[in-house]
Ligand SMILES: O=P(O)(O)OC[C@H]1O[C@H](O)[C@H](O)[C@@H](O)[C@@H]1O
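There is one chain below, alone, in structure tokens, taken in the form predicted on its own.
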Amino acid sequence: MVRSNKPSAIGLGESIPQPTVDIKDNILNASLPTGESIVVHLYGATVTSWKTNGQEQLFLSQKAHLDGFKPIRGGIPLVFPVFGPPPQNHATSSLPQHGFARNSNWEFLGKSSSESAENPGEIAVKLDFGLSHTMLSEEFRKAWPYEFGLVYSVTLTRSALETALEVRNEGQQNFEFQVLMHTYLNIEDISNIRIQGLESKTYVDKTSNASSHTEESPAVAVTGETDRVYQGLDPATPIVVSSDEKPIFSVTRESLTDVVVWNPWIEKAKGMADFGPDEAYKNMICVEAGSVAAWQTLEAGDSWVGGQSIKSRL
């Protein structure tokens, strides 16, 4: 894979401390001079840690598989080219649930540093990861035989974590896809959490036979197993996660008009072998930016970009 619009070296002053990036055993660690840091596994290009002010902002199951053989439970797994169980009689029908992006080994394409336009003197570090059809396992290539290229960019700033996916159709056939950034946010107590920015929006409740509803609450509470797909949102309007009426996360998006809100609650948590401890459902909430209510069609030679920006401890 080759990065499009690959950034050239940026002339940051020598007096300005620089971000550090190192890779070992297919795991990247990156940190800013101000202390913010991220960890990304090349398996799935999965962000497994994001720390600000010494605090972990992402939830990672204590039983998560980190050996590169199963998707990682926690962090930000990347869903592509299908969300959930693949539908019958579709091009994705032979793929596993949530597709192959989170189940494949990506390559590290490089890093770049820049100075924030919003906050001069504030440094950001951007990491690019690539996956193409030639890198897939034989099983996945047979199941989804399209020629594609993915470039996944993870950008750490002092105030935010940004993730963006570029999808390229490098073949002669059009293909359809869905994409989702399955973000697990780390929280202290689910009973104190409220989610704002969803009022009056239509959602599909996957815990209730995929029935459709309209959200009536300006501040959604999670009081049991929750699996909702909110549709047709304005990407520029933030989804705000608050605790005790104080905002702790804000998620804005680009080209991602759907948001999944998920928490397994106690019984489902107990039934997942890679979720632990059982009571950890109290310490996580998934707010997942995506395009999953319908299919994106990408014509031969075209590309598509979507992403999210998460701000924490506002």
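Worth saying up front: this structure is predicted, and the values here are computed from it rather than measured. Each residue number is its position in the shown sequence, starting from 1.
Quick note: we don't show the form predicted in complex with the ligand, though the next part is all about it.
The binding site of this unliganded chain is open: after the ligand is superimposed from its pose in the predicted complex, not a single one of its atoms comes within 2.4 Å of the backbone or a C-beta atom.
With a 4.5 Å cutoff on heavy atoms, residue 166 does not count as touching the ligand in the predicted complex; it lies far away. When the ligand is considered in the predicted complex, residue 126 lies well away from it, no heavy atom lying within 4.5 Å. When contacts are judged by a 4.5 Å heavy atom cut-off, residue 206 counts as touching the ligand in the predicted complex.
Residue contact with the ligand in the predicted complex: residue 262 places a heavy atom within 4.5 Å of it.
Residue-level contacts in the predicted complex: of 114, 174, 97, 243, one residue has a heavy atom within 4.5 Å of the ligand, and it is 97. Proximity to the ligand in the predicted complex, taken as heavy atoms within 4.5 Å, picks out 98-106 from the listed stretches 215-223, 148-156, 193-201, 98-106.
In sequence order, 73, 83 are the residues of 57-84 having a heavy atom within 4.5 Å of the ligand in the predicted complex; the partner itself is omitted from this view.
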